[in-house]
Structures are given as structure tokens and as C-alpha cells.
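As a starting point, one isolated chain is supplied in C-alpha cells, in the form predicted on its own.
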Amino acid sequence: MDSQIAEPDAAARIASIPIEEIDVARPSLFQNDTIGLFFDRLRAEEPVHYCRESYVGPYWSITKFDDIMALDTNHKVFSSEAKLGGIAIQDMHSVEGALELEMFIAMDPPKHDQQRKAVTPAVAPSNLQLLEPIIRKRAGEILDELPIGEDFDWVDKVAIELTTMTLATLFDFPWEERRKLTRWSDVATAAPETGIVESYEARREELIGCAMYFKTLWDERINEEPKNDLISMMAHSPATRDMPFLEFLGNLMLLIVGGNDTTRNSISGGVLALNQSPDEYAKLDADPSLISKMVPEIIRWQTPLTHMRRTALEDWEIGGKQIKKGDKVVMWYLSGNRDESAIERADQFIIDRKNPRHHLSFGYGIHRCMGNRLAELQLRIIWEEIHKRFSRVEVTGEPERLFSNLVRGITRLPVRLRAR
């Protein structure tokens, strides 16, 4: 167990740690869900905080909503470029055996804009209208096969299955092999200590295998008429059709992880949040029209990606602190989404908020999540279909969480259904 939270009274222990020794990059804090106590302290005492010593190297933490938004929208000063370190707190180019992927989220304009534009039509409103009946039909089929009155794992049977089905539809991926997408998504963000991969070399091999599989699909689609799936769009767009191999793989993994993690962990996180807030569950039961407001609140509450990282291209001041050129700066979306100065009663899950989309989970600026409306669509559909069938999705045991400082994942959630 982590030395900083081994004692029973975690809050008192965390309060006693010298502020300069706090290191919120440690994945164990996210896995045991004590990270919120650390962020509470940083927001109160030192919202722009410098950690000198960490396994990821020195870094700045930005923990308040407005500071995060100011940084996220300032791509001219704070770069996402992979060659400078990219978008995650861990520099993959410093890890022996790791595969460094290039993807448009880890690029600055103009290349970022050109490549993003190539795949955006897949999640445009017109395409979402076409996807809605397909997602609804598949969501219904998943829910209709679930057992009533006996325990099962919600993550495996519902969250993974629905998001994988949607992802397979977006890629027009071979249906019987769709769980490969789940595996590749997990591998893409995994370090060996997660238990998902044995080593960075093993991760590299699996991701290259993923790329080769998609290369076969790419070669088929490039010789066909352009279609609405993501592979066809990339194969036929001038901005993406001649990508180098690692860029091709990087953009694939971005779309797979982006299409998987947000929705999958929000589907599970929503069930957990409603069980932890029974008054809110009663509100939902009484008025299912609240689902459209509840969905962005679930995404805020879960914050499926805890952070994005940038590298300072010049000296810059944030919150009275001097950031130096070349410094690693981490925007902790999870902390910003609990900032009481920006969100009223931010530490409570409230399904009928007046302005529920006022959150940081999708980021801001040029790198704002392109699939945000698709994520909301999937969550809205699954909750509408749940409400038709079940009076309660009851959590029957402790959730198991992912050992990661990037993906705020729930790996297992035991539940029992009550029929309507």
C-alpha cells in the first residue's frame, strides 16, 4: 500500500505531509481513490504546485478550473507536441522499450488541424443521427440478456460491451473480433505495473500487431469507394492517407482510446455515483427526463481522463507562479471538476444541475474532445434503455479501480438488477 495513505485516517495523514512533498502523479492514489484528498489540499493551499521529485520527473500541477481553462486554450505557449513530451505526464521517450506514438492530439497546428479535420465527419451531428438507432438497438440487446436478481460484473457485461459495439460500428470493424478493440485500448494506456502488459516491449509488440491488423483493413478500404467509417475517412483524406507508420498507429490508438475510455468508464461511474447518492437515484426514478442533464454530470463526476500535459514554449506566469520554458505542466481535469470556486457544490453528484456541461472532462481549445457528443449520446441511450427495464442497478460490492494516473477507470463493478 502507498506509504502516504497506509494509516486509517487518510485525511489527517495527507494534511500532515509537507506541501512540497506531495506527488499526485502516483497511480496508487487513483487506484485507492484517495487522490481527491490530495487535490482538495492543493486547491486550498497551492493551486499551482511544483513537484520536484517524482518517478515521472519534475512537473507543475494546475488544479483550479479557471487556470486549467486558460492553459488549455493557450496552445501557442503550451505545446502538445510529442517530441517535447506529448500529452501525458509520463514521457514515453524516456522509457526504455516503449513505443512512442504520434497522433494529432499530440501535435500543434497546422498539422493537428488538418488531421483532426479528416476524421471529424465520423462524429458530426448528421452521422450521430444515423448511429443513434444502431446504438439503441444494440444497447437494448445487451440489457435484455442480463440476469435479474443475481450478481454480475457491470463493467464486463455492459460498459465494455456497449462501447466496443459502438467502436466496431465507427470503424466498420469485423464484428466477431470486436473485443480486440477493447484489448488494444487497454494496452495503449498501460504500463507494466498495471498487470495489463508484462513489459513495454510486450506492449510494443501488441500495438504493432494492432497496426498490422488495421493496415489490412486500410488496404481494402483505400481501393473501395469512400464510406462513413473512420478507416475509410483516413484512407481517402489527403491529410492522413500518406501518414508514416507510427503516426498511423498513433491516430488509430487515439480514436480507439478516445472512443472507449470516456464512455466505458462513465457508464460504470454513473452507476456507482447513483448508488452513492440515493436521493439522486430517486430523482431519476421519478423523472427520467433528467437523463439529458445527468449525462454531462456523470462525465464531470467520473472525469474519465484525469489530466492532459503540456510543455511550456516560453516563460509564463500562472496563479502567481513562474513557469519556465521547457517545464512540464499538468492540467488536472479531475481536480478542476471539483473546484468549488467554479462549480457550485462541486463535491456532490447532482443530476439536475442548471449548467451541467460546465466541466473540464472534454478539455477546451483546439484539443477539445472531438467525440464528446458521441460519448453523451451513448450514455443518454444506455440510461434511457436502463430506465425502461430496471427500477434499480444496485452496486453489491466495492469497485475495483485501474492503476493509472491518466485513465480514471473502473475495472470491476459487481451489481444486481431489479426489474421494473
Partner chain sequence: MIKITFVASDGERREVEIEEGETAREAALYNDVPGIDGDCGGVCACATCHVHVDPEWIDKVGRLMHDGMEADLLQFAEGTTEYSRLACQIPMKPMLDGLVLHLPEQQY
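Residue numbers count along the first chain shown, from 1. A quick note: this is a predicted structure, and the numbers were derived from the prediction, not measured.
Beyond the structure shown, there is the form predicted in complex with its partner chain, which is absent from this document and is the topic of what follows.
- Annotated contacts: Arg26, Ser54 and Ile160 are all free of its partner chain in the predicted complex [non-hydrogen atom within 4.5 angstroms].
- Per the 4.5 Å heavy atom criterion, its partner chain in the predicted complex is contacted by stretch 372 to 380, the sole one of 34 to 42, 388 to 396, 372 to 380, 56 to 64.
- Just one of Ser126, Thr216, Asn223, Ser289 comes within 4.5 Å of its partner chain in the predicted complex, counting any heavy atom, and that one is Ser126.
- Taking Glu201, Asp156, Asp113, Asp285 one by one, only a single residue has any non-hydrogen atom within 4.5 Å of its partner chain in the predicted complex, and it is Asp113.
- Contact check for His75: a non-hydrogen atom falls within 4.5 Å of its partner chain in the predicted complex.
- When contacts are judged by a 4.5 Å heavy atom cut-off, Ser341 does not count as touching its partner chain in the predicted complex.
- In the predicted complex, its partner chain lies within 4.5 Å of some heavy atom of Lys117.
- Taking the partner from elsewhere, Val48 is found to have every heavy atom lying beyond 4.5 Å of its partner chain in the predicted complex.
- Heavy atoms closer than or equal to 4.5 Å to its partner chain in the predicted complex belong, across 361 to 378, to the residues Tyr364, Gly365, Ile366, Arg368, Met370, Asn372, Arg373, ordered by sequence position.
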